[in-house]
Each structure stands twice: as C-alpha cells, then as structure tokens.
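Next up: a single chain in structure tokens, the form predicted on its own.
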C-alpha cells in the first residue's frame, strides 16, 4: 500500500497497482488531448467518453472557418453530454440523501451531471492523480465539493464503505480492468437493490474473435476491449442482474462521423471506430443491472 493525497481531502492509502495499471495511470497523467479539453472548456463539464444521437450537420456548412470550428466543437460536446445524461437517467430514482459512485471518473463530468440531476452525493474514483486533482478543482469552482468528491484510487479496490451507494456506473472505463474484479467491487459498494449502469464498447461475439479494428482501438487507448458475452457472465457471478440492455451502436455513429470532420480534434482513430461499427465487429452497449 502507498499513500497519496485524495483530491480535496486527506491522505489515503492506495492499493498497489499492477504494471499495466501503472502504464494506464501514466497515460492519463500525461494526456492533454484537445478532444477532451476543448470540449470541456465550453461549460466546465469534462467528459472522457464519446457521444450519441443525431448530429446537427449544419455546423459543417458554416463559411467562417473560426466559427465553423467552434460550432463543431460545441456540437460534439452536446453529443457527449447527451450520453452522460442518458446514463444518469438510468440511475434513478435518486434524491439528495443518496450516494453514487463513478468508477473511472476521468476529469469528473459524469459525477457532476448526476449531482445536478438528482442533488445526490457523488464519489468519483480515477487511477490518475492528475485527473483527480483537476476534477476536485472543478467541484470547488462550482461550490459543490461538499457533495461531489474525487479520489485518486484504484476502482477495483476503492476502500469506500460497503453497501453505502444507491447507484454506481462505468462510462467507457470498464475495458481497462478485469470484469469480475470490477463487478465484485460494485456489488460490494451497492446496497441491495442498488442500480449499476455501464456504457461500453465491446466486441461482438457472433463476429468471432476481436477484429483488426478492435485490436487497433486497444492499441490506441492501451485498453483491452471485452467480448459482449463477458459482461453478462461476470455480472451473473457478482450479484448484478440486468434489467435493461440497449444497443447504442447506431446512435454512436453520427458522433464519429462528425468528429472525423473536426480537423482540430481528430486523433486518427475515427475511421477505425466507424469501420468497426459498420462491419459488425464492435458494438456500443448500455447495460443497467440491479444488485441482488
């Protein structure tokens, strides 16, 4: 065990991390990607996930280059925020007395969305000390740090109290960990009847093994995308019973089509995502499950 400052709180013990987890932490501690930072600066809601919904394609017709850039950025942020709101909508019903847990919270946008929607307490956990510090500062700027807190901890072993949470989630962070270890920790943290929600990219078992495109995505983000079936098997082993499953693949395509046109934000992985979605090897799912 090591000790590290908890964002906005006291020093806390952090479980020893594997070599792989250290590499992931190093990646996110060094990350300064404009596609994350420029979008978040619009309203100080920083999301580390993609977006869903039909895009406003009129932004591409804007003749002024500077205005066009700003409109594309704002539209991508709107789609990302729509995804955060969709996930939050599956957490309820919640109230100001409830506590929620954001696993792999990144720079903290999802926790803020849940708090603003329900007035609930939120604890976000990230393996990146830099992200935890950044997210904590955003909560202080909003004057919500008494109810929204961020912690530099391992989401597989958080040290947070058992049975204290009414809802918890992963929004595009489950591909960085072993699912049985992840779901065991969510099951420990959730009270009986608590709700767990995950939005994730997964490879389609009916396609066969992971496709070339899925392998390229893994290499780009230093992650390990799981097969779709692995989520349901691991949930069953960890007292999480799916109550709602939604295929968001088609809804995710417009985001990537628009992002491909954003020359100031492209990372080179856009066409790979679109190919994977279109050839059926990769799917984007929302799964909501109750803890029994």
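Positions refer to the first chain, counted from 1. Please read all numbers here as calculations on a predicted model, not as lab measurements.
One more form of this protein should be noted, the form predicted in complex with a small molecule, which is absent from this view; the next part is about it.
Annotated contact segment (heavy atom within 4.5 Å of the small molecule in the predicted complex): 172-180, selected among 67-75, 206-214, 172-180, 92-100. For the three marked residues, 200, 232 and 283, no heavy atom of any sits within 4.5 Å of the small molecule in the predicted complex. Note on contacts: among 148, 190, 88, 125, the single residue with a heavy atom within 4.5 Å of the small molecule in the predicted complex is 125. In the predicted complex, none of the heavy atoms of residue 168 sits within 4.5 Å of a heavy atom of the small molecule.
Within 4.5 Å of any heavy atom of the small molecule in the predicted complex lies no heavy atom of residue 186.
Under a 4.5 angstroms non-hydrogen atom cutoff, the small molecule in the predicted complex has residue 24 among its neighbouring residues. The shortest heavy atom separation between residue 49 and the small molecule in the predicted complex is within 4.5 Å.
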